[in-house]
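The chain below stands alone, shown as structure tokens; this is the form predicted alone.
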């Protein structure tokens, strides 16, 4: 207890110096907490946007499909395969959606454009896909909304990107024809569709060369029966991806299927997330260095100015160990008070940005894009308590480490020389 009283008394005796040191720690820790939350929230938003734009956290396909995405490499009997995978996947999976994808030629009047066609199940897709989201539809309606209003004799519905609609010079209700090389036979298959919706995602690949239509219509056009190109898994928590792969491993191997993670399907997006995370890690290192350097400077200045005081304590019978403990406790009190107040201040900022979000369009004046993905205008803070706790513990450990040297120097003082030199 004596060491604690001496340490606190010295810190309170030099209030200005102690206050400035604590203020620096509070400010840097609060900023670090705030930036960490916004950075992690931004990463989650980037991944969420990426997987919602036609990907998925995990994509299961026939072996070899990634290298040769043709109609000859499909998963047989999509509904049965989906049920089997859904049962093994477990409750951490939000949805498993079947898709059939192939290349085709879309024609409207004299205009023709080569496009990628995605046959989707609108009832499942509306829960996970950004294209099936009504907010992405700039004209008309989604496939799911249209299928809820069946009309006798109407053509199957189709939605396409805003740039593609402009290139084809088509409007809602226009007749659009798709021509595709089916799985069997040497000829071409053609079918007419009604344009019911035009979407805008901000992605060139989707807005200019992407067409979506109901899965059954796509399967009839391609002549593949109930087969599908892929089954995309969507998770509530991206951290469940590795356990999911482990659970599916044996089944995929037995069926001759393979799985591709979102980071492999979209390497540009993965690189953008990794680069941003590296920048955040560099900021954390800088903040930790600033905090520890501030504490070290205060401890050294305090120890140098108190050599005579320490010499008197040793001359009166105080032990060297007592002096070491006093100096270390002063450093820990400074670090503890600054970190606690900084976490409180940063936590308040995190709470605000977690509930209200930060509108990057207002900050930068334009929308942001990373890894080929148009990011949402508003990011929401997301803090990982374990990571924040690890940073706090690291600062405390480094504080102890850097304070050990001046503390040990004080413990080795010669009492007579210390009193004489600073008398």
Partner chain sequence: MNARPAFPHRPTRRLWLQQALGLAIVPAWAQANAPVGDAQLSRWIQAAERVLRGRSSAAVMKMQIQRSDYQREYDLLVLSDDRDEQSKVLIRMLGPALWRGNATLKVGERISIYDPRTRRVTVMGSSMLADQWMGSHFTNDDLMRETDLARHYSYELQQRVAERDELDRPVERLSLQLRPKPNAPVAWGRVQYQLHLRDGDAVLPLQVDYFRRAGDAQAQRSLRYSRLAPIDGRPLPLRLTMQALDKPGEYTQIDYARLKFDNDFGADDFSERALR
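For clarity, every value in this text was computed on a predicted model and none was experimentally measured. Residue numbers count along the first chain shown, from 1.
Below, we turn to the form predicted in complex with its partner chain, even though it does not appear here.
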{"property": "Stretch in contact, per heavy atom within 4.5 angstroms of its partner chain in the predicted bound form, of 105-113, 299-307, 200-208, 333-341", "result": "105-113"}
{"property": "Single option in 352, 190, 255, 183 placed near its partner chain in the predicted bound form, where near means a heavy atom within 4.5 Å", "result": "190"}
{"property": "Candidate from 81, 168, 217, 313 lying within 4.5 Å of its partner chain in the predicted bound form - any heavy atom", "result": "168"}
{"property": "Its partner chain contact at residue 141 in the predicted bound form, heavy atom, 4.5 Å", "result": "no"}
{"property": "Its partner chain contact at residue 156 in the predicted bound form, heavy atom, 4.5 Å", "result": "yes"}
{"property": "Residue 179 within 4.5 Å of its partner chain in the predicted bound form, heavy atoms", "result": "yes"}
{"property": "Residue 86: touches its partner chain in the predicted bound form, heavy atom cutoff 4.5 angstroms", "result": "no"}
{"property": "Heavy atom contacts to its partner chain in the predicted bound form at 4.5 Å, residues of 19-49 in sequence order", "result": "none"}
